[in-house]
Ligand SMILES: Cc1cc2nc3c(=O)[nH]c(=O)nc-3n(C[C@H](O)[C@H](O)[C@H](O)COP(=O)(O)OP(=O)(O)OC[C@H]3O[C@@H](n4cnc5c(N)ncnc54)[C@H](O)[C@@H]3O)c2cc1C
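Here's a solo chain for you in structure tokens, the form predicted on its own.
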């Protein structure tokens, strides 16, 4: 079993990263080489801007290359709860923003001819308990009435036509969305940014951002660059001069296992529609089939950061969950196990704008594949003077009380969620 991301291990090599020191001038310096940063670089490059992207490690090696590979409409929270929190109008705007994000991913794949095994087959949210289905029914009614008619509630009598498991009592199908190979998408988006003139630097951790006249001087591990504008797209970075952002993000670990290649007939029997799936538990699971006929199965597993070799413990928990859900896969070998950090905000909404003159976009809260890509395009508009394009411009972002950057409270949250899952 490899303690590596399947997406990163099976992606083609990135040949477009720059050698040598980071130096010189740029119109825009992007800090973070994930989907937000690469998408912004592609969009800014189309406008003729000179863009430099720096990443502390591997391009796409953070959350962008370590997630479940789902690209779906739907906010991180339950829509009914979001309406109660924000009101119908704002909650519906959030939902539409995520729908727009799916469109953005699909558009970039087409326009840049990115080979990433994209399949548009939607997401099925599975009711883990009987009363969860009643809540999904209420949710479906509200979504259909307010914002999206292209959804379907699947009852208990039909759920086994979707998922061959005794673990579920129904589900909510959202058709707008799909799934893709994260590593291939990363390389394709990076190559697109380079074609537009962007320079990409790996292993260039940022240690200082200093206001310098009308621009900024940014120091990295590979040299210094001066830029007119800076975009921070780091996600839950635990290093560097990003304390203001760290106090507003809880970096929660999410873990994934991937099986050996399985007989296509067996996968067709277990998951006939081969959609993207997620469950309704607080300690939820998500799963899907990979392009080479493996089953990817992920979830919180443990409320801790991802660190080798402790990821293996999370992998054993996930394998037990997979077998409990699908006993017919009990003999399947686990080939990959890895973890990553989710940049969870307190309200579980993305946050984007400016702080001290520096632009930022992050806090995707586990729904970043589509939204990060979308927000890279949006932030290019914002940095070009069109702040009205930012769907999160009016969302306040206070610090998490008692949080100074190290999430000491995560074990307590994990215990609370496990207990609540028993009774909810």
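Numbering follows the first chain given and starts at 1. As the structure is a computational prediction, the values presented were derived from the model and not from experiment.
Not pictured, yet referred to below: the form predicted together with this ligand.
Colleague: Considering this ligand in the predicted complex, which of 95, 245, 286, 336 comes within 4.5 Å of it through any heavy atom?
Modeller: Going through each option in turn, the one that passes is 286.
Colleague: Is there a heavy atom of residue 45 no more than 4.5 Å from a heavy atom of this ligand in the predicted complex?
Modeller: Close contact is absent here: in the predicted complex, residue 45 is far from this ligand, nothing within 4.5 Å, heavy atoms only.
Colleague: Residue 122 versus this ligand, in the predicted complex: is there a non-hydrogen atom within 4.5 Å?
Modeller: No, residue 122 stays farther than 4.5 Å from this ligand in the predicted complex.
Colleague: Would residue 183 show up as a contact with this ligand in the predicted complex if we use heavy atoms at 4.5 Å?
Modeller: Residue 183 lies outside the contact set for this ligand.
Colleague: Should residue 240 be counted as a contact of this ligand in the predicted complex, where contact means heavy atoms within 4.5 Å?
Modeller: Yes, residue 240 is a contact residue.
Colleague: Does this ligand, in the predicted complex, lie within 4.5 angstroms of each residue among 127, 280 and 321, using heavy atoms as the measure?
Modeller: So, no: the whole triplet misses this ligand.
Colleague: In terms of non-hydrogen atoms within 4.5 angstroms, which of the given stretches 152-160, 337-345, 136-144, 259-267 touches this ligand in the predicted complex?
Modeller: Of the stretches listed, the one contacting the partner is 337-345.
Colleague: Counting only non-hydrogen atoms and a 4.5 Å cut-off, give the residues of 212-240 close to this ligand in the predicted complex.
Modeller: In sequence order, 233, 234, 235, 236, 237, 239, 240 come within 4.5 Å of the partner.
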